[in-house]
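In structure tokens, the next block holds one chain alone, the form predicted alone.
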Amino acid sequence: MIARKKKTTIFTAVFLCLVLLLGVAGCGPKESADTEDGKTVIKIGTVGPLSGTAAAYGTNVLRGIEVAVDEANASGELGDYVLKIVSEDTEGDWSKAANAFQKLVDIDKVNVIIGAVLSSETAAGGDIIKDAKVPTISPSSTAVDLTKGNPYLFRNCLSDEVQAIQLAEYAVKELGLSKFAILYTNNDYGKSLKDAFEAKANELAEVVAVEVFMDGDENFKSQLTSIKEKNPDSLYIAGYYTEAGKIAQQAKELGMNVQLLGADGLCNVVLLQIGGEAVEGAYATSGFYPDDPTPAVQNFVNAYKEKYNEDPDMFAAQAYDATRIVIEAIKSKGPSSEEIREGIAATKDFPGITGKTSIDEEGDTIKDVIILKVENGKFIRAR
């Protein structure tokens, strides 16, 4: 009996030690210790809509990330580390985005997240990544003050405020417009653009009408009829390409003679496909111009076209740059989440394909605005 009791005691002690060791391991760093082909895996999580009405944005963001990851892994520039993408589809829903962020940090144990795509999605994940201390950089979430107060959240796209202010100035000073109407989508993105554009346009000229619509709406003739009565010379659409293309068509059907203006939500080939001739001559702010002749831009464009058989848009390009910023952070600081955060925060004059990029003390980006124009069924650079 004494020998059996002693043996049981020893077994229990060993078992408790194993439990304690597992507990310590579970409380350790989030960074993955997975290996692949003898290299340590660094997990990059992505969050964005891969289905639903905003799928073109999320798909192109993911593709831009994939091009950068493929290049880095093929070049061996990270030495003993290899990058692996863990992708989550939000369907454009902020609540599903929150779940996606939670899964990436709790289950997948990613080192860093590139995303989300829509501002509402990124806002939904803000507290989650802050509590988990997982650095996150969005290539396309533009809501004003989105990164403020969160040392783990960054972006490499221009805020709605910057885009709207610069387009309003361009519209008045360069295009000679003076009577503006605004039609905006009732979400964070649309409201943010509307507020900034309305304030600046009223400062420089006059806003004569403001109307609202919902994401997914098909018929805008009621709002457009009301706008037409105010006789504006331009219409600023604060929304996304699907609705913008339909708005342009319906405005044309109503005989409205207005200059169409918009932000980066319009900069997708789907706008041209839906809007057709109705979007000819439209201007929109953007972060990328694919016909820029510089070697870095053309190398990316060619790699993207070879992989996906289509031209990259601004969302793909900004996602590529966001990934390259992460890669440079790993190279300069290290692969842990905290080291990546430090590297992203220290970004200064990064020579991206979307322009020279710096990250300020609030995690926001500093770069120039590009203005594109639809001409002969294609986006060209106006400024």
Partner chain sequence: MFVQQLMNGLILGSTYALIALGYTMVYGIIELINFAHGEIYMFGAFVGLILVTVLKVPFFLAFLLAMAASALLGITIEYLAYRPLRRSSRLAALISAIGASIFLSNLALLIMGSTPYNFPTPFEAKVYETPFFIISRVEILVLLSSLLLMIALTLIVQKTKIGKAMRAVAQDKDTASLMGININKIVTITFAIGSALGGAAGVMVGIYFRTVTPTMGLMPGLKGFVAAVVGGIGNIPGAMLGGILLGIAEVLGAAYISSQYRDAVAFALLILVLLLKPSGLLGKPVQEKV
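Take the two forms, superpose them, and find the largest set of C-alpha atoms that agree within 1.5 Å; that set is the rigid core. Keep in mind it's a predicted model, so treat the numbers as computed, not measured. Residue numbers count along the first chain shown, from 1.
Same protein, other form: the form predicted in complex with the partner chain, not shown, and the subject of what follows.
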Please check if residue 184 has a heavy atom lying within 4.5 Å of any heavy atom of the partner chain in the model of the complex. yes
At 4.5 Å between heavy atoms, is residue 221 in contact with the partner chain in the model of the complex? yes
Using heavy atoms and a 4.5 Å limit, would one call residue 229 a contact residue for the partner chain in the model of the complex? yes
Taking the partner chain as it sits in the model of the complex, is residue 273 near enough to touch it, meaning that at least one heavy atom pair lies within 4.5 angstroms? yes
Heavy atom contact within 4.5 Å of the partner chain in the model of the complex, the stretch among 133-141, 120-128, 206-214, 68-76: 206-214
254, 199, 296, 107 - the one with a heavy atom within 4.5 Å of the partner chain in the model of the complex: 254
Though the partner chain is not shown, can you say which of 192, 147, 286, 242 has a heavy atom within 4.5 Å of it in the model of the complex? 242
Core superposition between the shown form and the other one, C-alpha change of residue 213 at least 2 Å: yes
So, superposing on the core, is the move of residue 257 at the CA at least 2 angstroms between the shown form and the other one? yes
